[in-house]
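Following this are structure 1 and structure 2, which are two forms of one protein chain, each written alone as structure tokens.
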Structure 1
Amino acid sequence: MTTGADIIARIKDENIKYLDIRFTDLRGKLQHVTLDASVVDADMFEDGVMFDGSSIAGWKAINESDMVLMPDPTSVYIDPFFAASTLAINCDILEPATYQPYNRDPRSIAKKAEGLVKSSGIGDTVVFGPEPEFFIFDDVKYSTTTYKVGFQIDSSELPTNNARLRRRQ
């Protein structure tokens, strides 16, 4: 099992510049906070990172907006898309007063569900295999202003572009 100490060692050994802490909002959108490697220490894996939750849709009100991002050292990966060497780490959201899982944190909710399988005695391992599909477009434009609503998409693969492709060949 990877621990916080392993991560700190890895940052040193591989000369990692940034630790990018990641979580999702209710909609599933990836949110992140990028930390300079110099602030990553053992305490961070005990105390977590304080965070203003009021900026996330569907989370806390501004008057009680503090929450704790607790990095999960078992869930790290190098992000090849950052120019500087960056280690990404998934985290759970905790309540600052109790350090219990925040009841609106999707990842904590899933952990509770997985835990229920064990505590109910039904099983000890839950396995998922997802198959997400997607489209790739060369060009996308959309407008949602009051007086202009619509979208326009283009891809060299669209049937309407067959003639253009043939010309190119």
Structure 2
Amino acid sequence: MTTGADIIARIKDENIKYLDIRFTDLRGKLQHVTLDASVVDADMFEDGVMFDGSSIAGWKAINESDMVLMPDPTSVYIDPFFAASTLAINCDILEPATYQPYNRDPRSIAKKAEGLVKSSGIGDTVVFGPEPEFFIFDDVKYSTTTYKVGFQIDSSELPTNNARLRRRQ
């Protein structure tokens, strides 16, 4: 089991430059805060990191906006897409007064669902993951000149496709 102390040691041993703390909002959008490795300490894994919940759509009003990001040391991994060496870590969202899970945190909701599945005997394991979604277009045109900014997409599957592309029957 990985602990906060293990992560701090890894930062020093592997010369990690940044820690990217991440969470998902209610709509499923990944949110994050990137911290310089020099500010990562043991208190972060005990007390969490305070943040403004009113800046997250659908969460808190400005007058009750304080929230806690609690890093989960077992979720840490090297992010291969950062130019500098960066550890990424997932966080739970907690209420600052009680340190109880925030009821709109998707990670906390998933943990409750997993607990229900296990306690009811329906199953032993619950698997959650993203829904990959993408679009394939037959043609894409765009312009970013001074007096002409816009785009045009076309696909045989679009109801608005141009005459050049016929629907397949």
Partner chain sequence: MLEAMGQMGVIIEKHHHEVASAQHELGMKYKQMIASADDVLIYKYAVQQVANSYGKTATFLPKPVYGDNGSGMHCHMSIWKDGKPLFAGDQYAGLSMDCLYYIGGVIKHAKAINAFTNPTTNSYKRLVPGFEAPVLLAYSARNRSASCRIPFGQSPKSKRVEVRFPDPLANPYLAYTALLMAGLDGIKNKIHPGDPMDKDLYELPKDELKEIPTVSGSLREALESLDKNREFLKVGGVMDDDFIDAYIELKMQEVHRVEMTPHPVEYEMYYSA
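Counting starts at 1 and follows the sequence of structure 1. So that the term is clear: the rigid core is the largest set of C-alpha atoms that superpose within 1.5 Å between two forms. All figures in this text were calculated on a predicted structure; none of them were measured in a lab.
* Asked: Between structure 1 and structure 2, which should be identified as the form predicted alone?
  -> That would be structure 2.
* Asked: Would you say Lys12 moves its Cα by 2 Å or more between the two structures, aligning on the core?
  -> Result for Lys12: no, shift under 2 Å.
* Once the core is aligned, please say if the CA of Asp52 is shifted by at least 2 angstroms between the two structures. => No, shifts by less than 2 Å.
* **Rigid core fit then Thr144 CA moved by 2 Å or more between the two structures** => Yes; Thr144 is a residue whose C-alpha shifts (by 2 Å or more) between the two structures when the cores are overlaid.
* Core-aligned CA shift between the two structures for Ser155 (Å) -> Its alpha carbon moves by 9.4 Å.
* Asked: Supposing the core is put in the same place in both forms, how far has the CA of Phe134 shifted between the two structures, in Å?
  -> The alpha-carbon displacement, core-superposed, is 3.5 Å.
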